[in-house]
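Only one chain comes next, encoded as structure tokens, the form predicted on its own.
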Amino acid sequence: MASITTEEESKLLIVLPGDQLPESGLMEDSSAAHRLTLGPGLAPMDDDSITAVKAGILKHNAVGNRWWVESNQRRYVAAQGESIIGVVTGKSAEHYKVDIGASQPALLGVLAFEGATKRNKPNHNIGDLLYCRVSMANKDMEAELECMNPTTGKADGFGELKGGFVIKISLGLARRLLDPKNLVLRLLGQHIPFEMAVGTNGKVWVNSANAQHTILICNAIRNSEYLNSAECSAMVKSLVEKM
């Protein structure tokens, strides 16, 4: 097995609700400092400061200068721009109701698909599995979804997920799986061809050539949550050898 190493975080900044984030810390090492994007767990105040609204680890993504608080809360709270996996639970002439694991169902417009028009629109049934993007999120209203990239108008991977298998994982692990450098996914990709969709609402869709590979991938993902790099490599190696 080829050796893969991951870059450990030099320091973790833990924040609590009410903690005010220093402006210097948010703006440093960013070429797009004037375009600060706040994700879940952070909120702007009236005095232009930024305050944490939940406990967790402060995270940063240089792409888009995005900051958020990563925590392992049990219930998903929708945030604009996040990708989620949901199940259609109802339909009407104007929209679908989609269960995304939040406190209430989200709404998906029938025209919120690539190339959809009033005469030509997709027809999804109750129980269909959809990969969507949160287009609007408000704590006082139902979240709104779309199955396309708002910039290009293309599907870009969003839409119905056919076949495969869905597992439920913690919200913290789901966010870690979205990292392109995620170790367990890179190790699995060396041995098994598969496709996967990760929702920040804690749902993961896995599809591979056969059921044995799918089960192995799902088990590896679940097992990796509390393992370090060395333990993760040994775990994947052990699972692959048993195939």
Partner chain sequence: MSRLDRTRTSAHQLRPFFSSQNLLNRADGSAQFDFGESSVMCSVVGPAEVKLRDEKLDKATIEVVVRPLVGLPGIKDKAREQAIRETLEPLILSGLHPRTGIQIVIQTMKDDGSILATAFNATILALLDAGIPLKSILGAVTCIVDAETNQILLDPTTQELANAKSTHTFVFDNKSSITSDSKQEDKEAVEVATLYSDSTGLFSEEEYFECAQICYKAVQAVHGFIRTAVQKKLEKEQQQIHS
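These numbers were taken from a predicted model, which means no experiment stands behind them. Numbering follows the first chain given and starts at 1.
From this point on, the text means the form predicted together with the partner chain, which you will not see here.
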| item | value |
| --- | --- |
| The single option of V53, L38, I215, L178 touching the partner chain in the predicted complex, heavy atom within 4.5 Å | V53 |
| L188 within 4.5 Å of the partner chain in the predicted complex, heavy atoms | no |
| 4.5 angstroms heavy atom contact with the partner chain in the predicted complex for V77 | yes |
| Residue contact check: A234 to the partner chain in the predicted complex, 4.5 Å heavy atom | no |
| L21: touches the partner chain in the predicted complex, heavy atom cutoff 4.5 angstroms | no |
| Candidate spot V88, I126 and I169, all three touching the partner chain in the predicted complex (heavy atom, 4.5 Å) | no |
| The partner chain in the predicted complex: contacting segment from 79-87, 126-134, 103-111, 157-165, heavy atom within 4.5 Å | 103-111 |
| In the predicted complex: members of 215-230 within 4.5 Å of the partner chain, any heavy atom | S224, E225, Y226, L227, N228, S229 |
